[in-house]
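Take a look at this one chain, the form predicted alone, written out in structure tokens.
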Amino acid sequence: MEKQNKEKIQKDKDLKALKQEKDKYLAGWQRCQADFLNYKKAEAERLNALVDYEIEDWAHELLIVIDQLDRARQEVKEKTSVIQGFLQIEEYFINFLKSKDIKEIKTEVGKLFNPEIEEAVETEEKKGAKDGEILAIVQKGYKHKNKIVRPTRVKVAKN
């Protein structure tokens, strides 16, 4: 009888040790699982950041073309079929940028200069204008998602 009790006690100890070992390995596996999920999430974020960087990089080049088309549109007096074709190309580029979440920064003449989204490229003393008031938009600005790709370049009043 005593031998059976000793065997039972030994079996209970062995069972308890096995449960502790199982819990240890389970906890380690769960940590590895969580680490792997965190790694996958971080890699996805890095990949998205790289894609955004590339989009912003080629957007700079495309914005130069859009600026040239915009200047040409402003200079043209009559709208021939050739000019209409160029205007359609400009519209296509603008829509393409919008599809990639690149949008024009809305800036208005008469509003106060905002250094977070605008760059003052020229100042002018003008009577009747408030200090820091935008007098003219020199070049349109654009943003990708919430990041400034190119600030709006403006002429600002200085008193």
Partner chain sequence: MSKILGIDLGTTNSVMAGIIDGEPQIIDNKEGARITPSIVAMNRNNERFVGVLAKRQQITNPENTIFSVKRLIGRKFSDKEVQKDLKLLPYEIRESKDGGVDVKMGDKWYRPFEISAMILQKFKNDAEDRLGEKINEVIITCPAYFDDSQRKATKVAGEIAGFKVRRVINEPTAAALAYGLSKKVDQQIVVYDFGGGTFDISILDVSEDTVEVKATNGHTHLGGDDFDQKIIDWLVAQFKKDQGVDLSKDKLALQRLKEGAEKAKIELSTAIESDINLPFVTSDSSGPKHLTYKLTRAQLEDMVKEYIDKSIDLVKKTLKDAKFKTSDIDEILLVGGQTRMPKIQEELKNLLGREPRKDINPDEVVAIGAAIQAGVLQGDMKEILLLDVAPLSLGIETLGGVNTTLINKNTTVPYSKKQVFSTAGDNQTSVQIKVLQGERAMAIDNKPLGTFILDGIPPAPRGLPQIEVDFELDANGILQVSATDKGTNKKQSIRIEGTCGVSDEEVERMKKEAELHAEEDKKKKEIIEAKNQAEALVFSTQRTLIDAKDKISEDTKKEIEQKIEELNKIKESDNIEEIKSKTQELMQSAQKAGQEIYQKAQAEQKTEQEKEAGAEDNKEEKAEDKKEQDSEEGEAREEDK
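The shown structure was predicted, so the numbers you read here are calculated from the model rather than taken from an experiment. Note that the rigid core is defined as the largest set of C-alphas that superpose within 1.5 Å between two forms. Numbering follows the first chain given and starts at 1.
Here the subject shifts to the form predicted together with its partner chain, a form of this protein not shown in this document.
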query	finding
L135, heavy atom within 4.5 angstroms of its partner chain in the model of the complex	no
is_contact(R71, its partner chain) in the model of the complex, heavy atom dist at most 4.5 Å	yes
In the model of the complex, E119 touching its partner chain (heavy atom, 4.5 Å)	yes
Any non-hydrogen atom of K24 within 4.5 angstroms of its partner chain in the model of the complex	no
Of W29, F36, Y53, Y92, the one that lies within 4.5 Å of its partner chain in the model of the complex (heavy atoms)	Y53
Answer option from D131, E108, D57, D101, heavy atom within 4.5 Å of its partner chain in the model of the complex	D131
Those residues of 130 to 159 which, in the model of the complex, come within 4.5 Å of its partner chain by heavy atom	D131, V138, K147, I148, P151, R153, V156, K158, N159
Core-superposed comparison between this form and the one not shown, P115 Cα displacement 2 Å or beyond	no
Residue shift check between this form and the one not shown, rigid core fit, Y53 Cα at least 2 Å	no
